[in-house]
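Shown next as structure tokens: one chain only, the form predicted on its own.
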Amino acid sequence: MTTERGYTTGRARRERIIAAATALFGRVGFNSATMLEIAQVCEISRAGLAHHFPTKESLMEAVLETRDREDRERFRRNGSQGQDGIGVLRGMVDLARHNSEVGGIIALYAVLSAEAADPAHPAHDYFVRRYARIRSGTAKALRDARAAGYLAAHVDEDRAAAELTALMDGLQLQWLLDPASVDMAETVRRRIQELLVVPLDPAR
């Protein structure tokens, strides 16, 4: 019982550290954030923080992995395992809707992706792989939609995948600057619907 309680406490502390790092990285960037600041926010010692994350790079990896895991689960709930691609496209709308509720996450990715344009940045390779994965996955979903007879004839899958990726990122930045002026989910939904010949959400 003591071991189990210790494990639960340790996991909760780790999650708190990741949440604090997410907020700080999003506010000041990876380069400007310090491990001492994160430790202070979590009310633990610098040594206590190092027990869970020995380096700032390892903490950043945990932050990004946590977000990716949550996103994959959101896409699964929208039926991304289906064969017609529609679940993935619905998942993009759901993700845009969720992002409008978690400004810290949007700020994190806006700041880190800009910093990571520098090849020396520790997240550079992560973001290169991430964008390649997103474009590839979106293009596959569009090809699956075409095979199912759902995609408009004029759509080039690879080009549309790059455009949708850019749309998502551009909307997020505009939303950060002026949340009231941008409906991310509706804009993404409308653009995806323009690519289809069937309703993206039949309930609408």
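One rule holds for the numbers: they count along the sequence shown, beginning at 1. Because the structure is predicted, anything quoted here is derived from the model rather than measured.
Although it is not shown, the form predicted in complex with a further copy of the same chain is what the next lines describe.
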property: Output flag, S32, A116 and R191 jointly within 4.5 Å of a further copy of the same chain in the predicted complex, heavy atom basis; result: yes
property: Answer range among 154-162, 61-69, 35-43, 137-145 for contact with a further copy of the same chain, defined in the predicted complex as heavy atoms within 4.5 Å; result: 154-162
property: Contact label in the predicted complex: V102 to a further copy of the same chain, heavy atom within 4.5 Å; result: no
property: Interface membership of H124, a further copy of the same chain in the predicted complex, 4.5 Å heavy atom rule; result: yes
property: 4.5 Å heavy atom contact, A50 to a further copy of the same chain in the predicted complex; result: no
property: Any non-hydrogen atom of E57 within 4.5 angstroms of a further copy of the same chain in the predicted complex; result: no
